[in-house]
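The chain below stands alone and is given in structure tokens; this is the form predicted alone.
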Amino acid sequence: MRKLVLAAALTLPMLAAPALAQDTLKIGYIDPLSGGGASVGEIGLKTFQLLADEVNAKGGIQGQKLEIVPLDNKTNPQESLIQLQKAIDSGIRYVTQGNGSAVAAALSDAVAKHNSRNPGKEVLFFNYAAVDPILTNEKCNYWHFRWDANSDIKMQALTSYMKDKKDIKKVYLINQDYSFGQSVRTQARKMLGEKRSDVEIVGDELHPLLKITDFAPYIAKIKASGADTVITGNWGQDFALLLKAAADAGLKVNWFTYYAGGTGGPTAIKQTGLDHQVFQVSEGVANGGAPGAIEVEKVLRAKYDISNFYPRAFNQIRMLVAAADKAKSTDPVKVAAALEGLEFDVLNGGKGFMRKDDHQFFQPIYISSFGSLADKSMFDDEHTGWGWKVEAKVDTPDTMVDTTCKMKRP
């Protein structure tokens, strides 16, 4: 009898553990929380934590509370794989990442391999910001979903806007030396050549990712080239320091960017005095007027004193909730199936959808410029008194690009 009681006592905790684990759905946030990318990673973490609060206030996901688990990858692919394994070992079956396409490629491949070897323990990888087109083309996989427009989509929108700007005659390209930066330079050359064959590329520079502390030598080259326009995919400190060096050198050119709105970017733009001469391509800004985006902006500023850099994160988590509701489950296999082809009203207004062929999300794309505000009720950034103004909108059907993805489904 004593042996039976003891056996029962030892078994009870083991039986209780899975039930407790099911009370919480955890998402591993694998992004830089130290090193050169930390400022960007911290803002992403706060954004996802705010979203978890939002979801939990509404009852969670299929009755489960949402928890964001921070995992510092130092913007390093190998460290990211260590953090992924740590997440998997602790029972986490959803991970998200955005800063660095080389990191995203490593995670996507590792998740696919894990899932093929561990049926019944599948993990989903939600990509909110890594935009190398290869991730939804040659290296696509069923377990990876991307909510940001890839760099080809963004460059298509940027160059379509630029082609009508007759003051653009000489363009300088400066980008980070990794897959995304290389893609930006390649597509800028290709698409500008197709739309404005009269435009001269007067410089094409690649530099180490998040390693440069003084961009003065690079700015000197841009000045010497006679460029009137710069195209850059730089993000994080690589953009802020680039603009700071431009301000110090008195460089007055137009800038066409992917991530000018990131931490430190608005302050650096104000220091250059380039009033509405710095442009950004994105899925929207709060000053675009969409009620949902305005409300989110107010909440983020009140809680964290930051702007909403990641409208796509809101689309991602809210679509996770919608897919789980559709599947009536938080099981990654069922959620993945529910996400394919799912249509959604995006944060900044309009319709978006997750293309089944390659798991690329499509949504309206905006070109915005940063500068003085005509209306004092508009949002400024980083307490500069300047803010974003929408210059052009590309509707969802016009953002579509072909894919070479040959997706293998389970």
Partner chain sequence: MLELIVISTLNGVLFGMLLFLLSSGLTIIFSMLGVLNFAHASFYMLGAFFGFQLTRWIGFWPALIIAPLLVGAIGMAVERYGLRNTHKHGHVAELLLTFGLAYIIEEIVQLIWGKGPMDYRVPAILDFPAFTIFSTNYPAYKMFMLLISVAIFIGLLVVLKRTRVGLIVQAALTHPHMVGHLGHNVGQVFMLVFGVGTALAAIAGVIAGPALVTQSDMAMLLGPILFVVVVVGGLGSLSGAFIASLLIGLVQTFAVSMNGSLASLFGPLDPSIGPSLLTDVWNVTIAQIAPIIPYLLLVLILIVRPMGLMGTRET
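Residue numbers count along the first chain shown, from 1. Remember, predicted model here, so these are calculated numbers, not experimental data.
In what follows, reference is made to the form predicted together with its partner chain, a form of this protein that is not presented.
> Looking at 241, 327, 333, 111, which has any heavy atom no more than 4.5 Å from its partner chain in the model of the complex?
Replying inline: Exactly one residue meets the criterion: 241.
> Since exactly one of 298, 86, 169, 223 fits, which has a heavy atom within 4.5 Å of its partner chain in the model of the complex?
Replying inline: Spelling it out, the residue with a heavy atom inside the cut-off is 223.
> Only one of 138-146, 223-231, 111-119, 95-103 gets a heavy atom within 4.5 Å of its partner chain in the model of the complex; which is it?
Replying inline: Only one stretch qualifies here: 223-231.
> Within a 4.5 Å heavy atom cut-off, is residue 56 in contact with its partner chain in the model of the complex?
Replying inline: Residue 56 lies outside the contact set for its partner chain.
>> Please determine whether residue 385 contacts its partner chain in the model of the complex, using a 4.5 Å cut-off between heavy atoms.
In response: No, residue 385 stays farther than 4.5 Å from its partner chain in the model of the complex.
> Any of the heavy atoms of residue 189 lying within 4.5 Å of its partner chain in the model of the complex?
Replying inline: Result no; residue 189 lies far from its partner chain in the model of the complex.
> Might residue 248 be said to contact its partner chain in the model of the complex, defining contact as any heavy atom within 4.5 Å?
Replying inline: Contact check for residue 248: yes, within 4.5 Å of its partner chain in the model of the complex.
> Is it the case that 197, 390 and 392 all touch its partner chain in the model of the complex, with a non-hydrogen atom of each within 4.5 angstroms?
Replying inline: Checking in the model of the complex: none of 197, 390 and 392 is within 4.5 Å of its partner chain.
> Considering only 185-224, what residues come within 4.5 Å of its partner chain in the model of the complex, judged by heavy atoms?
Replying inline: If the 4.5 Å heavy-atom criterion is applied to its partner chain in the model of the complex, 185-224 yields 205, 206, 208, 210, 211, 213, 214, 216, 217, 218, 220, 221, 223, 224.
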